[in-house]
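Listed next as structure tokens is one chain, alone, in the form predicted alone.
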């Protein structure tokens, strides 16, 4: 049996709080992401979505439980993954081309000419070949996201970990970026674990949507296969009857957790005043 690309086995994450207190971000979460799958994590703010992503990246070791990458226990940084966050990790003093090839310097050292050739190929794939010599401040938000995508994909990772990468974009640019990431992923056999607050985005992109409970001590409370055919027309997909059925089904679980998070926030606000 082929091991999953990412496996979290009964993981718990605890952090020290003020005055000797302890905060539990997630508790007893078990999930598997198959190789080549596109899986999204959704849940209310503070439920532990980013915490789970950081565990898969090796940026955070679980307090309890085990993280496995293709069957092997993860110790330290996940070298088979790249991370794309809400804020692009672009160096303002480097050109677009230098930013895209930066990961090759650390992950796959090669001659500068080879790196530049590969970087220009990836800039062409994301439609930015004419901007190779520009700097990040000279680009729009959507263009910077495309640079970040090329920066992640050029390293040839087996796994892409994405933490709300498009949340700051306007709706039209966001749709375009979602289409870009699906085009890059299709047929690549790459595994994507995607964190988002937007249930519509999760359904439109994913093979499966995982719902986390309200925090603290977030738990996995629902798994929903998304049986929409691929390739997907992201402009029109939200109008499809099956999309609406999936949304209603998943929202039943998610709505309950969102309401719990509101109630908890109100309780804490009242008792803090």
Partner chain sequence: MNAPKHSPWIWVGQAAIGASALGLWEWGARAGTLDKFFFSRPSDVAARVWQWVTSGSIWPHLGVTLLEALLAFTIGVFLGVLLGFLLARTPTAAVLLEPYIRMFNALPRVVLAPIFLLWFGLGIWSKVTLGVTVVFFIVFFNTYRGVKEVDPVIVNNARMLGASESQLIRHVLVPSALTWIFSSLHISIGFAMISVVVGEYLGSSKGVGYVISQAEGVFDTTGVFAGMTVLAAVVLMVGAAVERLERWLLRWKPESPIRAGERDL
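Quick caveat: nothing in here was measured; it's all calculated off a predicted structure. Residue numbers count along the first chain shown, from 1.
The same protein also has a form predicted together with its partner chain, omitted here; what follows describes it.
When contacts are judged by a 4.5 Å heavy atom cut-off, residue 187 does not count as touching its partner chain in the predicted complex.
Its partner chain in the predicted complex comes within 4.5 Å of a heavy atom belonging to residue 87.
Among heavy atoms of residue 197, none comes within 4.5 Å of its partner chain in the predicted complex.
With a 4.5 Å cutoff on heavy atoms, residue 73 does not count as touching its partner chain in the predicted complex; it lies far away. Heavy atoms of every residue among 57, 92 and 106 are located within 4.5 Å of its partner chain in the predicted complex. Exactly one listed residue, out of 155, 139, 175, 121, brings a non-hydrogen atom to within 4.5 Å of its partner chain in the predicted complex: 155. Proximity to its partner chain in the predicted complex, taken as heavy atoms within 4.5 Å, picks out 73-81 from the listed stretches 164-172, 123-131, 73-81, 188-196. In the predicted complex, its partner chain lies beyond 4.5 angstroms of every heavy atom of every residue of 175-199.
Figure legend: C-alpha atoms of residue 187 and residue 88, shown here, are separated by at least 3 angstroms more in the predicted complex.
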